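Taking the form predicted on its own, here's one chain by itself in structure tokens.
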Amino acid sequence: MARIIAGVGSSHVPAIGAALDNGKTEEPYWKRVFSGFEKSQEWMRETRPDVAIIVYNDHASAFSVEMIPTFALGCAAEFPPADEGWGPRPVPVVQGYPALASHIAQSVILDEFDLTICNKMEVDHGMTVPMNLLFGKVDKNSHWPCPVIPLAVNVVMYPPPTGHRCYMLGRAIRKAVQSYPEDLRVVIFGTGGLSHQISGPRAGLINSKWDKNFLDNLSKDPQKLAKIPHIDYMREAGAEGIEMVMWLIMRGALDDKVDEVYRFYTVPASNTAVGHIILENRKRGVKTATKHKRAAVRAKVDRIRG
């Protein structure tokens, strides 16, 4: 069966993408940010997932105030980078995994979560920046290392989903993946945050104490995080801090007991906090696929990538 082996939490600050695209990664201000993901890229190369599910929020690229899905699952074969006002980012087209995505949609909807199914969708920095941070810089004429299933969450217009709803959706996604009859190793991303506010009298707000406590409880007590009301995110983490509920989808998709592999936190980066964590499910004697079987799976993944 398919299985989720690990979860990744990462901020998706748009200026990080701009720094990468414009060759500023070695500048002192940005070097400390990118150096914090070097171990993560090494971990990703060693882990080599077959598929990534990336939970992110759209920034008026695929959706607008005219159409606001709470949860939108990308089931297309590919997802082009969006033009966010200054042209699409110079990154490859994201290859999807329609068979698994459609399976997840069916399973989750029958578990009474209402998803919007997207068979055509552009993706913006909310997704591609975390991909760069974990996979490294990839030439736009090349391919990302694995197919991706995007899950867009509304955290822009009120009302966003609650942390509990997100956590339970993650559990439903885990159930869906585990019922997929193919030997796939899946990594799920939760993106956005951490504390930040981009406008108003509190613009530039960063609450490091809140952020670090949130990271601590991702592994220790995620149920506590699932109970945090919207108003607490607004008060403690800023207007855009609500993005942190997307990390709870990632955490809900993991086992109850996880191991924290790596953590990175720095402030500021474009007046926001940058947070990152890698959590692995504890190995419970899962039978390792034969080399031949794994090779067959990788060959199929490579065909999907084109």
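Computed from a predicted model, the values in this text were never measured in an experiment. The first residue of the shown sequence is 1; numbering continues from there.
One more form of this protein exists, namely the form predicted in complex with 3,4-dihydroxybenzoic acid; it is left out here, but the text below deals with it.
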{"query": "Touches 3,4-dihydroxybenzoic acid in the model of the complex: Thr47 (any heavy atom, 4.5 Å)", "finding": "no"}
{"query": "Touches 3,4-dihydroxybenzoic acid in the model of the complex: Ser270 (any heavy atom, 4.5 Å)", "finding": "yes"}
{"query": "Contact test in the model of the complex: Ile117 vs 3,4-dihydroxybenzoic acid, heavy atoms, 4.5 Å", "finding": "no"}
{"query": "Close approach of His59 to 3,4-dihydroxybenzoic acid in the model of the complex, 4.5 Å, heavy atom", "finding": "yes"}
{"query": "Which of 96-104, 194-202, 143-151, 160-168 sits within 4.5 Å of 3,4-dihydroxybenzoic acid in the model of the complex, heavy atom basis", "finding": "194-202"}
{"query": "Sequence-ordered list of residues in 1-37 near 3,4-dihydroxybenzoic acid in the model of the complex, where near means a heavy atom within 4.5 Å", "finding": "His12, Val13, Pro14"}
